[in-house]
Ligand code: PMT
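Shown below, as structure tokens, is a lone chain in the form predicted on its own; questions about how it binds or moves come after it.
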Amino acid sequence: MTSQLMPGDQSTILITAGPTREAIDPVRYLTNRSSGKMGYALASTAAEQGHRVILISGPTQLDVPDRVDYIPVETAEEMYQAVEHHIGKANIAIFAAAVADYRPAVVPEQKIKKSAESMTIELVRNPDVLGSVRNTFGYKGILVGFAAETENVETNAREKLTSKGCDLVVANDVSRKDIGFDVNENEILLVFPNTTETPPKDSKQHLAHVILDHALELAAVGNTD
């Protein structure tokens, strides 16, 4: 699929958001601190602008934005399958979800009982959702990834930009308590192939406008190439 967006046109935007949960047993799971607020801000902003939005979301405590096609998932494998099914409908895809890299190799049918002083859980790799978009799913639209880092933020984001085939990576330092996971503000780097931009710290809702504007501009430019 190639971008068909012209300046001012409506677009179809696929957005992933939230964490994933990977079961340890019927009552426990592995997850991360993502609240989904950035992805949901992007979805609500895009819908308010009149774009068609496909929101694929892991478990959150957030209200689903109005006027979006909402697809709830729980595990990384479920998110992978949902993206594979819907990615061909989008000319812009924004991957804001914090997808678990690993899951338990075996999940018992019954609750694990406390017995020994320690326990070892074998983990296996989950499918790489963002990394599959270009090479496996054959997506040719505008691809925006997110990089939640604790060190070497720009360097790691630029490596992701190249390795995943992104047009833009939005990066932030999640080791800071005032931005990133589960707060309403963020401070981001916008990492493009040939430049990096540093918008000022702001609300996730306002930064959603900034990110979306860049994605739409990339789509419009791509259509004129």
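What you see is a predicted model, and the numbers here were worked out from it, not measured in a lab. Residue positions are given as counts along the sequence shown, with the first one as 1.
Quick note: we don't show the form predicted in complex with this ligand, though the next part is all about it.
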TODO: Answer with yes or no whether Asp101 is in contact with this ligand in the model of the complex, where contact means some heavy atom within 4.5 Å.
DONE: yes
Open item on the list: Given that this ligand is not shown alongside this chain, does Val174 nevertheless sit within 4.5 Å of it in the model of the complex, heavy atom to heavy atom?
Closed with: yes
Task: Any non-hydrogen atom of Glu74 within 4.5 angstroms of this ligand in the model of the complex - done: no
Open item on the list: If we define contact as a non-hydrogen atom of the residue within 4.5 angstroms of the partner, is Ser44 a contact of this ligand in the model of the complex?
Closed with: no
TODO: Using a 4.5 Å heavy atom cut-off, indicate which stretch of 64 to 72, 51 to 59, 36 to 44, 195 to 203 touches this ligand in the model of the complex.
DONE: 36 to 44
Open item on the list: Heavy atom within 4.5 Å of this ligand in the model of the complex: which residues of 122 to 148 meet that condition, in order?
Closed with: Pro127, Asp128, Val129, Leu130, Gly145, Phe146, Ala147, Ala148
